[in-house]
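Next up: just one chain, as structure tokens, the form predicted alone.
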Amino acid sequence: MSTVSPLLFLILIPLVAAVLVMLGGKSRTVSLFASASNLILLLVLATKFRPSEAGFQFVSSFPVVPQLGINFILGADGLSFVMLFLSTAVTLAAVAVARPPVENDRWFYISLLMISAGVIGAFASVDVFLFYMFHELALIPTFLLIGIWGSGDRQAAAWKATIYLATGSFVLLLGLIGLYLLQPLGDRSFDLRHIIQLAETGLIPDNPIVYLLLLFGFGTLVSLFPFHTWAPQAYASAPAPAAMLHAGVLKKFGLYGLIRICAPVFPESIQALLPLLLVLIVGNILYVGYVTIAQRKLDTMLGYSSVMHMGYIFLGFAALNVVSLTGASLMLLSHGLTVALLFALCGEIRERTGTLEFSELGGIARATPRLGLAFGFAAMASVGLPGFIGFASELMVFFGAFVGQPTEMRGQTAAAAEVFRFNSIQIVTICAVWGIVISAIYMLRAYRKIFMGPLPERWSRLPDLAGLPRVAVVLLIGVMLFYGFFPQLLVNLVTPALLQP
């Protein structure tokens, strides 16, 4: 029998904590202790991880339905470790800033812990079917958090998100079944290592239909244009911890799946259908970017901003080279930390003022200087200012994409090549760079509208950032700055996982 992977405890700790809360344990205390324990355990495991070693480490495998090739396989490589770190860090921050209604706080914290267990299980899974099921486990409490404890038209937002994400999950399931059926009869499995090995030896054909199913299944879950309209409304209505966990962590499931599954298995289909993906990427970055500028509330602006930034990661995936994929992988971490921080601060502002309308705010940095400083850090990180991890990740995506796939230039005459100096992915990369300007416009405008200018009398006695929320904010900012100054630590961790099956 296989030995038990220590990664299993990362999944069990939030589940056990949820049971203890259900049985009457102090909700906040138990949730904080479990979240902090998970982060500490992951950091301990990181000291034992060997980045140069090929393949997955801390592997354990137990049969579930062996006749169908479904097994409970846990393991982690460098990319998995980055996502597990994101999951545990954001979970701790989300629990720390949570302010649920007193009468329903038990189920609120249980929902947060269930999301944490689901995302950790997904990123620790080596079996593709298990990867899918853990994601579905995390989606259910997300809908409950929005529909029960959200604000505004929360039930409409919850139902819209449910319809979109359920449809995306169904399309994704069809794609995973198609991937399973592409394998040779008698040698079929959901083990990701086995799938990649078969693809490398040519025993899995590069099928564009299955790739499209996976692309649109994963893409809907990630809010790929034009299947993005559920996300801004859901994030605006969600309580801050739910928005932090979904936009910061759970939403990365789709892009992680594309990098992990589609990139090594369907490289020819990705290149053949590249024009379609590039059009959608432009929609994510430019169209959604301009829509973000038009927003007049902080929560909806952050929701659209989150959708826009997914376009950069899709661009790194589309270029399909080690530099761009490494940059996209780093952006999963950088965007997750940044958007979690922004939604945490958004929740703090709403808690203090009762409004997020730009027209009703202004000058509150005079009353809450720590909150203003933290939002300034978050805004600069979102724009990609040097010193934050977002700068290094965006730079790698742009460089990788610009030298990525000049396939359409091949076969052209010299005269045509002289006229069309840039291929399509390079043109899209130039558009993506313009997206940084768009990001700077809406983030700096939001900062000015909320924190700068004269302070209205009614905001003169606002309490500043303090207590556990301040600890959570410092944690997220500290991680972004640390890896911003030392991005090579992440590059050395992630790159071997992209080169090795």
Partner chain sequence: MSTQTAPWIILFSPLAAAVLIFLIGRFSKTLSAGLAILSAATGCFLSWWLFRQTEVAPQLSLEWLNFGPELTITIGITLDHLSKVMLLVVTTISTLVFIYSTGYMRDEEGYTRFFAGLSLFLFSMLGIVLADNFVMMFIFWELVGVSSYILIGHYYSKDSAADAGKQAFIVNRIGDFGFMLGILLLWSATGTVAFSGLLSAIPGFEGAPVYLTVACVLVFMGTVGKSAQMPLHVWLPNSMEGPTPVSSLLHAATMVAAGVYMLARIFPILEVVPDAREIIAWVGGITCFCAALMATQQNDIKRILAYSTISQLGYMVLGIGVAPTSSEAMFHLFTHACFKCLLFLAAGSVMIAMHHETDMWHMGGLRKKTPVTMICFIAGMLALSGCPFTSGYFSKDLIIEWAVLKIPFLGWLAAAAAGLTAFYIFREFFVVFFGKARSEHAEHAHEQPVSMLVPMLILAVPALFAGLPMIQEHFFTLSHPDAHAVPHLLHPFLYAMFFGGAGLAALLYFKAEKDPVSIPLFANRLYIDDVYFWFVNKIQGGGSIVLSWADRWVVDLVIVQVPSKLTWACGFALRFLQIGSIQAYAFFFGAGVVGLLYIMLSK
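Numbering follows the first chain given and starts at 1. Since this is a predicted model, take the numbers as computed values, not measurements.
The form predicted in complex with its partner chain exists for this protein as well; it is not shown, and the discussion that follows is about that form.
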Note: exactly one of Ile204, Ala263, Leu213, Leu137 sits with a heavy atom within 4.5 Å of its partner chain in the predicted bound form, namely Leu137
Assert contact residue (its partner chain, in the predicted bound form, non-hydrogen atom within 4.5 Å, options His194, Lys160, Arg352, Lys297) equals Lys160
In the predicted bound form, which of the stretches 27-35, 446-454, 459-467, 42-50 has residues with heavy atoms within 4.5 Å of its partner chain?
446-454
Taking its partner chain as it sits in the predicted bound form, is Phe131 in contact with it (heavy atom to heavy atom, 4.5 Å or less)?
no
4.5 angstroms heavy atom contact with its partner chain in the predicted bound form for Val491:
yes
Quick one: does Tyr164 come within 4.5 Å of its partner chain in the predicted bound form, counting heavy atoms only?
yes
At the 4.5 Å heavy atom threshold, is Thr326 in contact with its partner chain in the predicted bound form?
yes
Residues Phe62, Val291 and Leu373 all lining its partner chain in the predicted bound form, heavy atom within 4.5 Å
yes
